[in-house]
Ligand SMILES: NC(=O)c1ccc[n+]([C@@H]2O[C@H](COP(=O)([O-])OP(=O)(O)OC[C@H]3O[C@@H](n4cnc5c(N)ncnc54)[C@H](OP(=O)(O)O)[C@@H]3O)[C@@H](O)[C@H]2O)c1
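One chain comes next, on its own, written out as structure tokens in the form predicted alone.
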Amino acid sequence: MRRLLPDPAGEVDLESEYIVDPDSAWHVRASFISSADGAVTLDGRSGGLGNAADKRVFGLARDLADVILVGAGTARAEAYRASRPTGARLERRRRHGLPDAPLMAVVSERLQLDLDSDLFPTDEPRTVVITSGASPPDIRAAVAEHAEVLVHGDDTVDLTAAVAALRRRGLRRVHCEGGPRLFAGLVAAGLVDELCLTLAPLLTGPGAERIVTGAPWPAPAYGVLRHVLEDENYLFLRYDLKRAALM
């Protein structure tokens, strides 16, 4: 993979390109892939848009995180499982002083979750499910048999409170993997520090969502470009986002 900006280079060390400042007390990174015409999925899944380099970057972002934050819809569509790194990826986590496995945190309003799936392992760390007080109490009780349940917000999930709860646990590095509604809510609340966006050289046509969806924002969020990498006509963009609530 080569670097186009800021300083062109024929081959780069990906870990150096995506490392988070070790002195940063708290960091929320979001990762997405999009087609050139704005689609966030192909045939209903984001994985259909990527190439091998995109998978390497995505895996690296996971390896550098304390917690993986994902919406329930994305977890269902992408058949999520709890992350249990091995080999070089496990060694990387230990080298950076991270726990052997990242915590999985799933945001769900309706708790429509497959509790028998690999997203809810029996070993540690247990998956955390973040919901609101509006979710059905009987379903919450059933979920609590397979995961730790956190309730933040009355009618909808209070993302600010949820993220604060993760921070209080000492989880300093959050990797948000979508979906578009969760990402939009986090940006609107001023909770995202960084966006890593892979731009795929594909035109998929009408129909798919963008990387954000939901209620309109009163103003755009602004990003500062950190780097542009390239591999097989895919562009890998890293932006710092201004931490300011839009709502």
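Numbers follow the displayed sequence, beginning with 1. Because the structure is a prediction, the values reported are computed rather than measured.
If you look for the form predicted together with the ligand, you will not find it shown, but the lines that follow are about it.
Checking L159, A165, V128, V151 against the ligand in the model of the complex, a heavy atom within 4.5 Å turns up for just one residue: L159. This chain lacks the partner; the member of V174, V107, V143, L103 within 4.5 angstroms of the ligand in the model of the complex by a non-hydrogen atom is V107. The stretch that touches the ligand in the model of the complex, counting heavy atoms within 4.5 Å, is 41 to 49, out of 41 to 49, 187 to 195, 59 to 67, 216 to 224. Contact check for R92: every heavy atom lies farther than 4.5 Å from the ligand in the model of the complex.
When contacts are judged by a 4.5 Å heavy atom cut-off, R181 counts as touching the ligand in the model of the complex. The shortest heavy atom separation between G73 and the ligand in the model of the complex is within 4.5 Å. Proximity of L98 to the ligand in the model of the complex: non-hydrogen atoms within 4.5 Å are absent; the residue sits far from the partner.
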